[in-house]
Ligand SMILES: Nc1ncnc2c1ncn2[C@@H]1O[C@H](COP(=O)(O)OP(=O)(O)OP(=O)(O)O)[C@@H](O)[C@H]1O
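Encoded as C-alpha cells, the following chain is the form predicted on its own, with no partner shown.
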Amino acid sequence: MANPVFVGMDLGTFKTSVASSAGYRDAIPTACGWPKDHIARTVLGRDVVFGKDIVEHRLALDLVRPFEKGVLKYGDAATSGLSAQQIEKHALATRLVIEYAVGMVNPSRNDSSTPVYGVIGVPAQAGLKNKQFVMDAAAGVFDAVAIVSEPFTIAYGMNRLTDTLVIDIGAGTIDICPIYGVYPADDEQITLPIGGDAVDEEFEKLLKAKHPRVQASRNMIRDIKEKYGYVSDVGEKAIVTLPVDGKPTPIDVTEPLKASCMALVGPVVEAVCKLVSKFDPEFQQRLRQNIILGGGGSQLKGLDRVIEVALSEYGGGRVTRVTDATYAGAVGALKLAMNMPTAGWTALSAKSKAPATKPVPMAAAA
C-alpha cells in the first residue's frame, strides 16, 4: 500500500483551512453554492461552486453555510429548527466542502490506493452527535479520521501543551480550552455561542441605527470589520465609503464598529475566570499568564491588551496572539495527525481501510 497522506483541517463556521503532509495548504469559505436555475448553471459551467467564486457569483447561487451561527447538530430536525430537506442539504454541503478542501492539498486524490488520514478540529464542546455528523460527512473523503477540539490543535501546533489557556475566536463560536499536559475533558472546556458573525450582526444594526440610509451588504460589513476592527483606543477614525441612496459617501463608522467588537470582551473574560477558578489556585496563576488568542477574531486590534486589563482585578494575565490566525489550527491538526498513535484513529466505513502505518505516540511530539 502507498504511504498515506495526512491532512489537518480546521473546519470553521466561516472559513475552512487545511494543510497536508504533501506540503500544501489552503483556505476556503465553509460554504458551497448551487446555481439557482439553468441560466446560472450555463454561465457558471458547473453544478456546485466553491471558494472565491461563491462571493463573486453569490447572487446566482443557492448558498449554504452548513455551520452558520456555530450549529453542528444537523442530525436532528427537532432541535436544529431545520426541515428534513434542509438537514440533508447541510449535510451534503459539509461533505462537499470537506471533499473539495482535501482535494486542494492532496496530489494523490485520483489515486485510490493512497490512503488519506485526517484530524479535523471542531468547537470545543461539540457533543457526540455533533462529532458523528462531521464523521459522516468525512466518510468517502478520509480512510480514517480523528475529531478533536479546535483550541487543542492550536496549542499542539505551537508545542504549548502545559500551563496554557487557548481562546479560539471563530465566526460562530468562541472556544476556551485549558491545556495541562493531557487532552482536556469536555467539561473542562467552554464554548460561547458568539463570534465574528455576532459582531457583524451587531455592527450592521448599530451602523444602520446611526446612518439609516446607508446601504451595506453583510460581506461589506465583514470586510470593514476585518480591516478596521478594534477594541482599544487607537486614536484613529475608521472612515469608509458606502452607498447612501446609491451615492458613494464617506461614513465615520468608528463608534458602532468599536461597540460591536467590544461585545466579545465581557463574555470572554467572564468565561476565562469561570474556567480558571475550577483549577488549583497555584495553577490558576500559571494559566492566566499563558493565554493564547487564536482564530480570525484574534486579529481585532488591541484585543490582547484589553483582555489583559480586564483580567487585572483577577490577578492579571498575559495574552499572546497566534502568528498565523488562518492556518494555526490546520497546521496543529496536521502535526497531530502525523504523530497520532494507531489507536487514535477511527476507520470510516465508506472507505474501510485501517491505518497502515504506526506513527510515533502523541507524547513524543510534545
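Note that the structure is a prediction, hence the values are computed from the model and not measured. For every residue, the number given is its place in the sequence shown, counted from 1.
Heads up, the form predicted in complex with the ligand isn't pictured, but that's what we're talking about next.
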Legend entry - Proximity to the ligand in the predicted complex, single hit among Ala144, Ile169, Ala101, Leu165 (heavy atom within 4.5 Å): Ile169
Inset, instruction - State the residue from Glu270, Glu226, Glu201, Asp186 whose non-hydrogen atoms include one within 4.5 Å of the ligand in the predicted complex. - result: Glu226
Legend entry - Contact stretch among 311 to 319, 296 to 304, 336 to 344, 35 to 43 - heavy atom within 4.5 Å of the ligand in the predicted complex: 296 to 304
Legend entry - Triplet Gly12, Lys15 and Asp197 all within 4.5 Å of the ligand in the predicted complex via a heavy atom: yes
Legend entry - Partner proximity in the predicted complex: Thr153 to the ligand, non-hydrogen atom cutoff 4.5 Å: no
Inset, instruction - Find out whether any non-hydrogen atom of Arg222 is located within 4.5 angstroms of the ligand in the predicted complex, and reply yes or no. - result: yes
